[in-house]
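In the form predicted on its own, a lone chain appears below as structure tokens.
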């Protein structure tokens, strides 16, 4: 993604200024306003000002956050390291089950289980990343698909889900998920946890991409042979990408159980792996902003569609019954349209809008 242009007369004098996340006063004001909306208006004022839809908006925001966390590892693998994946839901499942088992069987506090979920999912992802050393393209896609079926459909469904005679689903009793003295027992508390995890993961990934590791991933993505000639250990950095991508998926799985207080293989289907790939295609490949915009688009459009078809239910009763098929049709159509008319995704369009505002009235 291209670098943001600065307003006329604004320039950097130090390397620290050049690498700052928020580089101008206008950006500072914009981000402070965004933080106010995220931390105060949506969770605290929306339920009071709009009691009919306030909590619904919070729940939709939680789903957007979960989608961001799920897609962030895919963005890192595909957008920054150039490693194709179609089985990321498997590592999200590993994170969810690791967190649930650690709390239910060993009594480990929830914040620690997030770390354990990230480590377990990262190591499991790195195991399936080993074939990336030898194969590329379609063969690598088949390998990641195998991770989905082996992990979820076989290991978790047939063995892990049967631990303790629980059957397919692990039900988490109320009061189990706590963050220090705070019990995560409603959508607003889940929302604040989601905001904290999303910001922490985005800052971590954003800063990691500025390091030697991030530059190595970009070199491998662009041309792995040239990167190896220049001294980049391709095997090591590919495995590191799979570890970090899987760890981010593990965090997403650990967060998801706070919203439903249960974990089941049905929550981690292959369709969700495809869904998060669609998120980064629509949002923009190789952009952290693209992960956010894609998650918002892929979450809000089905919700808007649900409200749009609701008045038609008396005339066409099958619309709501078959809404899942309608939702998947819109998903496929959206990807086709974006690949045709906006191949760089929503993040590129946002970058153009920002430059227009920063350079106004001299917008080139």
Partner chain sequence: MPDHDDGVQLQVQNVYMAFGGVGALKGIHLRVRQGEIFSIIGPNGAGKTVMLNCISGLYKPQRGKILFEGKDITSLRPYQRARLGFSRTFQKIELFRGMTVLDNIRLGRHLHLHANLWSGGLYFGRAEREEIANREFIEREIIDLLEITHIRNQVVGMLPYGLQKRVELARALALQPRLLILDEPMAGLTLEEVEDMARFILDVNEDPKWRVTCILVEHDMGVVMDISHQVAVLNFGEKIADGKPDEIQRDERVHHAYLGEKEDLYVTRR
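Positions refer to the first chain, counted from 1. These numbers come from a predicted model, not from an experiment.
Beyond what is shown, the protein has a form predicted in complex with the partner chain; the following relates to that form.
Contact segment among 241 to 249, 99 to 107, 143 to 151, 259 to 267, judged by heavy atoms lying within 4.5 Å of the partner chain in the predicted complex = Selected range: 241 to 249.
ask   = Is residue 22 one of the residues lying within 4.5 Å of the partner chain in the predicted complex, judged by heavy atom distances?
value = Residue-level check for residue 22: no, no contact with the partner chain.
ask   = Can you check whether residue 111 is within 4.5 Å of the partner chain in the predicted complex, heavy atom basis?
value = No, residue 111 is distant from the partner.
key: Non-hydrogen atom contact residue 217 with the partner chain in the predicted complex at 4.5 angstroms   = Residue 217: contacts the partner chain in the predicted complex.
request  = Decide whether residue 123 counts as a contact residue for the partner chain in the predicted complex under a heavy atom distance cut-off of 4.5 Å.
outcome  = Judged by the heavy-atom cut-off of 4.5 Å, residue 123 is well away from the partner chain in the predicted complex.
request  = Consider the chain as shown here, without its partner, and state which of 172, 127, 116, 213 has a heavy atom within 4.5 Å of the partner chain in the predicted complex.
outcome  = Contact check passes for 213.
Contact residue in the predicted complex, chosen from 155, 195, 232, 274 - any heavy atom within 4.5 Å of the partner chain = Selected residue: 232.
key: Heavy atom contacts to the partner chain in the predicted complex at 4.5 Å, residues of 186 to 209 in sequence order   = Contacts from 186 to 209: 203, 204, 207, 208.
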